[in-house]
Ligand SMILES: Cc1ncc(COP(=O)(O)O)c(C=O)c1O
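Next up is one chain by itself, shown in structure tokens, the form predicted alone.
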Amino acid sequence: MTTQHNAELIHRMGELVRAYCEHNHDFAFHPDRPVVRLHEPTFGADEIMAVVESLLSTQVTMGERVLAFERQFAHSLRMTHGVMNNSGSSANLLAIAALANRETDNCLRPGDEVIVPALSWSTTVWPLIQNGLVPVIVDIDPVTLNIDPEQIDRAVGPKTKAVMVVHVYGNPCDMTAIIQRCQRYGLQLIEDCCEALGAEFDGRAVGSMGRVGTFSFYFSHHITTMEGGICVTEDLGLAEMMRILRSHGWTRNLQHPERYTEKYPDIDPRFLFVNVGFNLRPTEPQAAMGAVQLPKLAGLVANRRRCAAQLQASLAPFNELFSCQQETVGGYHSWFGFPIVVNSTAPFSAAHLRRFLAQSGIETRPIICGNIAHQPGLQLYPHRLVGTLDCATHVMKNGLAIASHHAVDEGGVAYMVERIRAFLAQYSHSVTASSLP
């Protein structure tokens, strides 16, 4: 077949896919069947066709599309190096494994401590343990839900070598305070941005302020490649190590393989293994999807911010009963979800509110995994706790998140607010009149 004929076939397929999506993909709120899900797809016909074209090429394993998307993504953050992989959790694993590899300059060593916030995700912490490092768990700020910079001062000891921050639900940490402390104590800075794509602090993208930043492209996140993640860094040596570890420990995908091929000329350079490694590679269809998704990010985040602003304004009168996460001063929040924390003095529990919302067709979830120090898996391995972690424990026991994604329209916001008001009306005898305007 000619190239023109192939293009005509793809065009016809595209028209059919678009017709299918227009007929079947309606994610707006409908009052006659009220449902507000935590997440809705960010992709449509354009992304589906990008994946189809990648599949039709039959070139599906990591190749030129992945390389192009890595460059596109790194450029969008004003960074030099991007190393795509198969998930955000793998991005954390890859970043920590590279930092802890003996061939990396200024590497972390077994027994070194890394400060992490108690309110985090399991695969923020597990890669530290998997690489012989010791997590040091510190408390959070109850207003932003991010790591409390003052707790870093309390946590630093003779073995402390790094801080791994989490930009909770897209709310950027106070990076000025954190960077100052990293410089003061000589600590490396790692940014877990898996919930925070599109967020900024003082005009700089999260993920661009530490030695390495990690992102996730899971279905429920700001953009998606179905599964997928990426690490970004300005450190060429670290980027090369992540490329080695990502693919079996070989040199095939390096930017500068000659460092190794010239040293070992008798070994086939396609199969030259110079370190330990995993198989964390992404696929070409994932990269093709990401290349279409990334230009849409700013608009998707703008919609999330609109939804969150409407929720904040509507729920502000109830601050006697619960608090909502507040944007960090100097930050640009990208709102992965909308966290709510029920006050300890409220006449109801978070569990009561969750059940009521579920019965109303409104999905909720815990805020990340709560206080990681309370998870049984952590008890199996060495770690250190700093203080009582009361704020993170309070969030774990009394917190929940509702939707604030790109597809939540004004009808969806109004419905969530109306249902929350209806729930609170059951307790009107227990709260002040000012709480129920």
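Remember, predicted model here, so these are calculated numbers, not experimental data. Numbering starts at 1 and runs along the sequence shown.
Missing here is the form predicted in complex with the named molecule; even so, the following discussion is about that form.
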*Are all three residues A346, N398 and Q426 in contact with the named molecule in the model of the complex, where contact means a non-hydrogen atom within 4.5 Å?*
no
Partner-free chain; cross-checking the named molecule in the model of the complex, the single residue of N171, T251, T233, T124 with a heavy atom within 4.5 Å is T124
From V166, L133, L99, V206: within 4.5 Å of the named molecule in the model of the complex by heavy atoms is V166
How about N92 - does it come within 4.5 Å of the named molecule in the model of the complex, if we only consider non-hydrogen atoms? yes
Contact between H221 and the named molecule in the model of the complex at 4.5 Å, heavy atoms?
yes
Q: Would you please decide whether C194 lies within 4.5 angstroms of the named molecule in the model of the complex, comparing each non-hydrogen atom pair?
A: yes
If we define contact as a non-hydrogen atom of the residue within 4.5 angstroms of the partner, is G290 a contact of the named molecule in the model of the complex?
no
Exactly one listed stretch (238-246, 260-268, 138-146, 211-219) reaches within 4.5 angstroms of the named molecule in the model of the complex by non-hydrogen atoms, and it is 211-219
Checked 222-253 against the named molecule in the model of the complex; residues with a heavy atom within 4.5 Å, sequence order, are G228
